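Quick setup: one chain, the form predicted on its own, written in structure tokens, and binding and motion questions come after.
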């Protein structure tokens, strides 16, 4: 009898092998002792009970050699709820590296979410260049700030600020979900998010509470500045959610007043204007960039997006106003990794609204790789820059400004969902 080869959901009996692959692929997770492995297996079993996530594995000759976690998320796509697939915990057995195991799993993931009705997928890359070759586009940059508490605005009112407990779980969930629907790019939370937050022994949550509603919160941990100094700590912000400026002001005031024992506040954000709130935006390194620019933060590439069905994508965005622009455009997408997504679509926009399907006439034509198009359509980059960098071509350069305006966004996409 032949041993099975292919990708399937990982049965519980294979979770020990699952954990071994993850432990070797990611030594930094420190799954070392038998107790560590037993604890991780338990966590996987608990997570697998949620209907919106599954663990899949690649088997060859009946042996598990690659694993991945797949998530059913909802994304706020320009004020419209849309299905989006997430992939994480991608790991390959050390003996099977360079055998295209990851490529096979990602291909399966993309096809699966096309069948599920998603128009996009997303991931956090272990190597951005690797996933760009598979058609994933770069999302908003993440800026990490290291600021003194006293430089965060000024001390003000804190009358609505309270410690959050497990009793506030439902109100916190509702706050997060409201924020998701207010901000483009935000995604539904991992199904076990709040269970993990309240189980974490080091996590602290303070929130803005008005009546029975929570309108904002900060999840954070403390980290010692020096190993032999238990008095001075940094605050590491894990999530910062607020629904309006009044909430923001009180949460900022809370952070401002921690200066007696807090050295610095470390905050990673996709808000490109956050430095304006700081009295002194310098990050304490005293680094000077040529000719005379003070280092305010460090930046990195985080979430990446990928369009997997361009026609479904535009049908999903039928209510979006494309900045009042009127034009007839043919978009040519090059997708060498997902053949069914390779091709063209003709779209007619009238006063910013997408009107009609199946029309054949167009006045301008563009050519773009699926990864760069994914970054463009989500709002992480503008068309003018893609064209200038020779990452997109156009049939007539006199249309560059029009196409740039068509896809321009007021706010770049933001996501706090980790997976």
Ligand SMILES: CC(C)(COP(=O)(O)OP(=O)(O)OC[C@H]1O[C@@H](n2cnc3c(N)ncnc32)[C@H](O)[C@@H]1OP(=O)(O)O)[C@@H](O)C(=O)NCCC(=O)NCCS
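Just so it is clear, the model here is predicted, and its values are computed rather than measured. Residue numbers count along the first chain shown, from 1.
What follows is about the form predicted in complex with this ligand, which we do not show.
query = Given that this ligand is left out here, which of 226, 287, 165, 336 has a heavy atom within 4.5 Å of it in the predicted bound form?
reply = Of the listed residues, the single hit is 336.
query = Pick from 92, 206, 119, 331: which has a non-hydrogen atom within 4.5 Å of this ligand in the predicted bound form?
reply = Of the listed residues, the single hit is 92.
inquiry  = For the three residues 103, 126 and 133, which mark the spot I'm curious about, does each lie within 4.5 Å of this ligand in the predicted bound form through at least one heavy atom?
reply    = So, yes: the whole triplet contacts this ligand.
query = Would residue 319 count as a contact of this ligand in the predicted bound form, using a 4.5 angstroms cut-off between non-hydrogen atoms?
reply = It does not: once this ligand is placed as it appears in the predicted bound form, residue 319 has no heavy atom within 4.5 Å of it.
query = residue 50: heavy atom within 4.5 Å of this ligand in the predicted bound form?
reply = Residue 50: no, not in contact with this ligand in the predicted bound form.
message = Given that this ligand is not shown alongside this chain, does residue 403 nevertheless sit within 4.5 Å of it in the predicted bound form, heavy atom to heavy atom?
response = Although this ligand is absent here, residue 403 would stay clear of it in the predicted bound form, with no heavy atoms inside 4.5 Å.
ask   = Does residue 19 make contact with this ligand in the predicted bound form, using a 4.5 Å heavy atom cut-off?
value = No - in the predicted bound form, heavy atoms of residue 19 and this ligand never come within 4.5 Å of each other.
request  = Tell me the stretch among 391-399, 405-413, 7-15, 21-29 that has any heavy atom within 4.5 angstroms of this ligand in the predicted bound form.
outcome  = That would be stretch 21-29.
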